[in-house]
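Shown below, as structure tokens, is a lone chain in the form predicted alone; questions about how it binds or moves come after it.
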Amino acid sequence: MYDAIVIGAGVMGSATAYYLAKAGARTLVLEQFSRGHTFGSSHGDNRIIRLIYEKQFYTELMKHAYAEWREAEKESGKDLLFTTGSVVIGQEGHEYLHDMGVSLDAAGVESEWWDQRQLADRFPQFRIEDGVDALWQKDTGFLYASACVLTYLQLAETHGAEVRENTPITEINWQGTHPQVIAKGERFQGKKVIVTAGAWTGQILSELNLPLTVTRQQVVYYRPTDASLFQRGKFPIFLDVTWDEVLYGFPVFGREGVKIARHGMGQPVSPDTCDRTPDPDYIEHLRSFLRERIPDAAGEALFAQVCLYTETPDEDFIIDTHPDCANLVLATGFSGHGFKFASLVGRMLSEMALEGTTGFDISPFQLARFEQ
């Protein structure tokens, strides 16, 4: 019998396996695809890490997540987190920017409000008009996404975890004293089972009718006229809400080109039948934005990729135990902004599995909120 069985080896499952194994738990990881696959939500060159949030409880949790990522770097000897600073751009008085500023102030996090001239002086790549503000925060950066997943799996294995790839599960029998997981005709028993299966969680735990919507998202890399203008140290992470949507982007890293995407607004899909061919209209829409806001980045589209969000109605996470089985823990519904928290979520889930509770406040993430 295993002390813990982790279902899904994306970033959440990989981090959880690491913390479990490091604590001495006999840990099994079951992944339906190969490690580092591109079918879910954890692959790619980078994900934003930031303290900037409209809701203060996320900002407070991120303080701990940053520290946990640095510990992973220290133990692995790998660079995973890169700091660039960020600007959030929106119309004067925009609620999104206002709420972020209030949250940062309440959490004691340093930030600055910039006008058009201040932004142009620091980052001349941007073109903004009168009546537009920018919120600067120096600690924002990005995580080397695919490397984070692989690093946590490698660390977990170093501490004794067993990782089985290409092992899709067909059933979790949680009615007995200890849950059983059936995968590829084999039965695995664990004192605890942790489900971190991303877009497939709703299928695996269908009896819960979880309020999850899987949506199709796209990212695109564009060729800049001068790549040197968009390197780390010269160009920040940015979020922009002036087009009545949240558009965000990165400096050049990994692939050639400036990466940009739209947060949310994707079509509901099945993770098993999702069309993974990028849309030409979407690519041109983003290029139109770049022509207006960052014209030197608006070159040809070099690469585009489809990924998935698993969204809750309020865009807050689900981190809880199964209401009918205290030995089954689940973490899902990260709604396109969870990757940065994986270092902390892994620790939380490990504590919940091994100690029955976590020292962090997860009350905003409990299932009971959907019953109200």
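Only a predicted model underlies this, so the values are computations on that prediction, with no experimental measurement involved. In case it trips you up, residue 1 is the first one in the sequence shown, and so on.
In what follows, reference is made to the form predicted in complex with a small molecule, a form of this protein that is not presented.
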Review point. Should T167 be counted as a contact of the small molecule in the model of the complex, where contact means heavy atoms within 4.5 Å?
Key: yes
Exercise for review: Using the partner position in the model of the complex, report whether G190 sits within 4.5 Å of the small molecule, counting heavy atoms only.
Suggested key: no
Check your understanding: Would Q32 show up as a contact with the small molecule in the model of the complex if we use heavy atoms at 4.5 Å?
Key -> yes
Point to revise | Contact test in the model of the complex: S86 vs the small molecule, heavy atoms, 4.5 Å | key: no
**Study point:** Which of 116-124, 194-202, 96-104, 222-230 sits within 4.5 Å of the small molecule in the model of the complex, heavy atom basis
**Key:** 194-202
Practice item. Tell me, out of H64, K55, R26, H37, which residue has a non-hydrogen atom within 4.5 angstroms of the small molecule in the model of the complex. Key: H37
